[in-house]
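The form predicted on its own is given below as one chain in structure tokens.
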């Protein structure tokens, strides 16, 4: 019986092993058929797969094939099925360039300007959604698409640009924060979109842009024309606002650097060290987005993102004992490579005033020279191409050194600059003075002045005067929008002709308003800031300007479009104003509160204590002799005393 059971178990085991072997063979046959079908379907891919080395794969676009049944694979070789293969997504054409311009100043200071430009061949105005971002930052692309933005210009500046000492900057900006946006004509409620956009940008750049509201926003009628291509200039879709008290710090620089394709890991962005940038006389970072033409016929458009950073290093505040500059002394770092995603990476050193190395010596020397028309003047630059390995030498590091030999030289006086200040005494009335200087010896040119004054400075427009060389200078265009208390500010725009070699003064009187006690800042005695005036002008040029914006030029010389060869566009900002308002004595409420609390605590506390306390009569304790006598009387059975 036991033998019969063992033989039965052995037979069952053999049957199980045989069935398992048959199922494994069938799976191998099915897998072989699948491989054969895939090879027949795409033999080139199969061959490449067999030759693919065992290394890390690159992130590239690949074709996606549909799954095909096994029985239909044999017929695909002769009769391809239409639509069975998905067409690959077309690669989005984008380009990235980076530049650094270094201009030695006659005062011994040095001016460095970073330019990062990303051009993307796409169009958000058609309403098509874009889901693939390569070089263009996705955060800004989503903002442009959601809020129907045509142009966006934002800047954060710490310090004031000293025009008479440093000349004109490549890209001007006022102290504090500045934001102006052109919306598309499809936006129905511009004010609501503007408010939501400022809140979003406040989160992206870690700034106080959420404080922009109707009280500091204006709608210019003639200033701030689109810098890119535009089908129309309906100023109903333009908004402009400033925050002159905005403080620029590391928390604003970090998100700005994250918008770059290489971040701060490679290329020129490795020099952007916050400890050095903010230890300077002037620092400004900006983001500009606008549509541009791809060719001179402008048959197709692209979206341009330009990130700029301007900084001026002071010789005295840097603590250097001798007049020499280098990349390491300015930024505490050197360059080792260009950004791998950049098609062009160059450093320009302005050597126009140093043809024979009489003022400063540049090392390492470079044989590359370039000329460009910048701000109406032809300048010469020494060029370092970071995409060439020979630039870094054998040490694989580039540290450009500028060693001064002589500080004597002619200071380049700008043709146009402006100043502004507050005059008057007391805290009731005052007067705003704006001075515009035309230093051209024989040419006059018009300027467009824009003033945005807060509502708590009530302007007396009938006191507006414009004088040049002691005579009245009547503006050819004036646009004034009065303010409304706690709703909107004043807006004043004027087109004034500046005579040659003259000073034009614009004055207007105002009255200070009395604010509510909840509208004062935590430090009301510090004063209230008034944003800078904006002056736009077409200044006569000494050389012929380039009118072809698609021509290959350095980035720092082709930001503002030029339509005439005889003049160039210039924008100048004045100083912000600090105005004192009638301020109540905020210490009196503090004293009243303290005195009131003391009286209440003493008076009401005593009364409440008397009303709620319970009184009990407490018998005095007997003396020692009486207690002894009571003990003796208790022992004798006599009642105590």
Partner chain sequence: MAASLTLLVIVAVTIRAALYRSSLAEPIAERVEVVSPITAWKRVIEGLALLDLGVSPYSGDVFHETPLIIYLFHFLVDYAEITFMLADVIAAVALYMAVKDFNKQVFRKQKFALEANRYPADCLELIRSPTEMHYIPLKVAMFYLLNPFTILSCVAKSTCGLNNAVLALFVLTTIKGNVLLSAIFLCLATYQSIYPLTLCAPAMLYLMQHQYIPVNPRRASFWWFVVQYLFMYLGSLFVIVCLSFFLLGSWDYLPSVYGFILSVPDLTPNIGLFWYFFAEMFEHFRLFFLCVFQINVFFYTIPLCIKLNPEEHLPGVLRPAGLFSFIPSFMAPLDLRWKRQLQLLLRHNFALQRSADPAGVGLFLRLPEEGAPPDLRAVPEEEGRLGGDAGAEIKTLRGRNSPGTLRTNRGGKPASSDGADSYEDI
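Superpose the two forms; the largest set of C-alphas matching within 1.5 Å is the rigid core. Residue numbers count along the first chain shown, from 1. Given the structure is predicted, the values throughout are model-derived calculations rather than measurements.
The same protein also exists as the form predicted in complex with its partner chain; that form is not shown, yet it is the one meant from here on.
Heavy atoms within 4.5 Å of its partner chain in the model of the complex are found in one stretch of 534 to 542, 257 to 265, 505 to 513, 188 to 196, which is 505 to 513.
Under a 4.5 angstroms non-hydrogen atom cutoff, its partner chain in the model of the complex lacks residue 403 among its neighbouring residues. Contact check for residue 485: a heavy atom falls within 4.5 Å of its partner chain in the model of the complex. Although the partner is absent here, residue 429 lies within 4.5 Å of its partner chain in the model of the complex, judged by heavy atoms. Interface residue remark: residue 306 is not counted as part of the site for its partner chain in the model of the complex, having no heavy atom within 4.5 Å. With the partner omitted from this view, the residue of 296, 328, 560, 517 that lies near its partner chain in the model of the complex is 517 [heavy atom within 4.5 Å]. The listed set 571, 440, 458, 117 contains one residue whose heavy atoms approach its partner chain in the model of the complex to within 4.5 Å, identified as 458. Superposition on the rigid core between the shown form and the other one places the CA atom of residue 599 2 Å or more away from its counterpart. After superposition on the rigid core, the Cα atom of residue 589 is displaced by 2 Å or more between the shown form and the other one. With a change of no less than 3 Å, the CA-CA distance between residue 582 and residue 592 is smaller in the model of the complex than in the form shown.
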